[in-house]
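Starting off, we have a lone chain in the form predicted on its own, written out as structure tokens.
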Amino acid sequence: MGLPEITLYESGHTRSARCRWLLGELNLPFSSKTRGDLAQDSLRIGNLPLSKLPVAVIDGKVIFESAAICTYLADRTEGHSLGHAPGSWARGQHDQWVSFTLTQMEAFLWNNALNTFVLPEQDRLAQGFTQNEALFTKSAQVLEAALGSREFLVEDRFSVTDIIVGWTVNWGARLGLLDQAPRLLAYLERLRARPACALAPLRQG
């Protein structure tokens, strides 16, 4: 299978950074387009239920959701060790931790973000902020325990799982929610040491 033709609609350190990071790890060339380009191209490429970033057009086919884009590219790109074979135990662990991260960690941070700066001010609800942070922290402790003495989540090797999960863990660290999770903070240091890493920097002070 030859190199795919890839266009990535992306923006900075948003979830699209997962895709940019994976593409860097795979050494796959791609064209980068912006949110404005997505609005302009949406009628042509179609299949955009919420018109949110990231969106990838791969060999003329559209795929959205950062975890889906990353997993698909890891599956179809030969000559690397970032993926997990479909049907393998490692793939089950990948799916488990990605699902856990998106539903039991990232969803709570996203809800706070929606009600802080995304939604119009008149539509924001601040009542759940503390609860969302507590639920994120509780789930982060599950991930902390699962990591244990390993360096990476699945088969103790760096993989697409760490790119997807690491982005969410980094979001929590930037918000100061991982003070009781030293293993996850060390995990982030290992991820940041990778040359292709696209994680947003930790805030100072």
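Throughout, we count residues from 1 along the sequence that is shown. Quick caveat, the model's predicted, so the values are computed rather than measured.
The same protein also exists as the form predicted together with a small molecule; that form is not shown, yet it is the one meant from here on.
Remark: V118 counts among the residues lining the small molecule in the model of the complex, judged by a heavy atom distance of 4.5 Å or less. Heavy atoms of E155 never reach within 4.5 Å of the small molecule in the model of the complex, leaving it off the interface. In the model of the complex, the small molecule sits beyond 4.5 Å of every heavy atom of R20.
Interface membership of K52, defined by any non-hydrogen atom within 4.5 Å of the small molecule in the model of the complex, is confirmed. Comment: 52-60 is the region of 22-30, 145-153, 52-60, 174-182 lying near the small molecule in the model of the complex, near meaning a non-hydrogen atom within 4.5 Å. Contact with the small molecule in the model of the complex, defined as a heavy atom within 4.5 Å, is made by all three of R35, E65 and W110.
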